[in-house]
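Just the one chain here, laid out as C-alpha cells, in the form predicted on its own.
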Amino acid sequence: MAADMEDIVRLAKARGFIFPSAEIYGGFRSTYDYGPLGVNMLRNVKNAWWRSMVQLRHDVVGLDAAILSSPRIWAASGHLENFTDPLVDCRNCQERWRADHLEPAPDGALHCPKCESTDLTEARAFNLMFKTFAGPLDDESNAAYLRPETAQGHFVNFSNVLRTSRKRPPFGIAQVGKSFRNEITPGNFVFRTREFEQMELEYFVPPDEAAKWFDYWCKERFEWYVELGIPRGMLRLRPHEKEELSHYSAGTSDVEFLFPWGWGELEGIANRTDYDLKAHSAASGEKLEYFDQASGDRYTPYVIEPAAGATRTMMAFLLAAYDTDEVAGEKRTVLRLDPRLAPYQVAVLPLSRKDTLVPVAQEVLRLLQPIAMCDYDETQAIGRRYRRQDEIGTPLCVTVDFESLEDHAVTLRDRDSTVQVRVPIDRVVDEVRSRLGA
C-alpha cells in the first residue's frame, strides 16, 4: 500500500487517472476530472458493484432516477430540516469550519485550525444541499435541489418498481449515480468532494426480518472489498454510536478502510426502518405498502441500505494495490489491481515500429479487444513500456517480436511475477481469457 497519499496523487495525475478540474484556470476547489485511465477504472468499480448486486442476484432490480428533484421530496425525507452541519466562522482570519471537527483546547475553548484564534462565532446549521431554480424565474416557486443522495429515488418509485418488476419482499432496488453535497470542508483528494458518485441499494424487507438482513448485508458488503483485493487488515466494520445515527436510522455500521491519514468510511449499511416510505406516503397521500396475498397481511417494509461511494472506493483500491519492488536490480512501481478493476487488462506491444511487426501487433490487438480493454503502445524501449504498464496496473502484456514472424507466436508477460511465456497467436485469446478469468 502507498504509505504517503502524495504517492497516489502524483501517480493519478502523471498517468491519467485523475486531474484537478479546470486546472488551466487555477482549478476549482474539490472537483476532479477522471482521465483516460481513471474513467476506465471508475467504470470497472461500478460494473463490479452492479454485477455483484444486480446481475448475480434474482432479488434486485435497477433504477436510474433524476438528479434534479422537487423540494417536496426533501421536505418529506427530512433533508431540508436535518441534512445540516454545524458551522462556525473565525472572526480573526475569516475561515469557516465545521464545529464538530474542531478539537477543544485544554481550557475547553475551540481554536481555529488556521490561526489558533478562539474568537469564533456561535455554531449555526448549514444545509448541505445545492439549491437551484427550474424555470425562468429565480423564486421559491421554481426552487429545486440537486440530490444529496440517490436513495430517495428508490423510495418515491417504490410502487412503480413493485408493480412492474413483480418482486416481493425481500427485494432490492439498486442505483449508481451522481450526488451533490455542499461540503464545508472537502478534502483528502477524492475522499470528500462536493460532486461524487454513489452505489446504493435499498433492500425492502418484512419488518420482523430487518435485523437478519442488516447482519447479512454487513457481511456481504465487507467481503466484496476483500474479494476484489483489499487485505482484511486494511478493513473494519464499525457500528455507529447512538449519537452518530442519522435521523432515519435504527442502526448503522460502516465498512472502513485504513487510509494514510487513518480510518475512513467506504460504505455505510443502515437499517432505515420504515421511515422513508411512511414519510413519503404521508406527504404525497399515496400508499407505499406491500400487500401479501398469501397471508393477507399489509405492511410498510423496512429498508436495509448499503450505500457506497464509487470515487472513494476507487481511491481505496488504488491505495491498497500500490506497491514497489525490484526487478532485475531495478526498482519499479506496480499497481497490483484485480484484473476486473484494472484500467487496461492487456497491453499489446510490438517490439519495434518496423513495418513488418506493426501489422501483426495490430491484428493481435483486434483479436483481444472483444474480450478485454486493451492498450497499444509502440514507443520507447520494451523495458520502459513494461514498467509503464506495471505502474498503471495492466495484468498482462503481449509482445510481438521478430520471432513472431517465424513461429506465429507472441510473448505473454505477467505483471506480478514478470514471468514470460510463449503463446501461439491462434491460442492467445483463450490464454488471455483464462488468465483474466473472463
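Just count from 1 along the sequence shown to find any residue number. Fair warning: this is a prediction, and the values are worked out from it, not measured in the lab.
There is another form of this protein, the form predicted in complex with a small molecule, and it is not shown here; the text below is about that form.
Figure note: of the listed segments 226 to 234, 282 to 290, 192 to 200, 208 to 216, the one touching the small molecule in the model of the complex, with heavy atoms no more than 4.5 Å away, is 192 to 200.
The small molecule is not drawn, but in the model of the complex it has no heavy atom within 4.5 Å of residue 301. Contact check for residue 343: no non-hydrogen atom falls within 4.5 Å of the small molecule in the model of the complex. By the criterion of a heavy atom within 4.5 Å, residue 111 is excluded from the residues contacting the small molecule in the model of the complex. Using a 4.5 Å cutoff between non-hydrogen atoms, residue 181 counts as a contact of the small molecule in the model of the complex. Shown without its partner, this chain lists 156, 349, 318, 308 as candidates; in the model of the complex, only 308 has a non-hydrogen atom within 4.5 angstroms of the small molecule. Residue-level contacts in the model of the complex: of 126, 248, 222, 130, one residue has a heavy atom within 4.5 Å of the small molecule, and it is 248.
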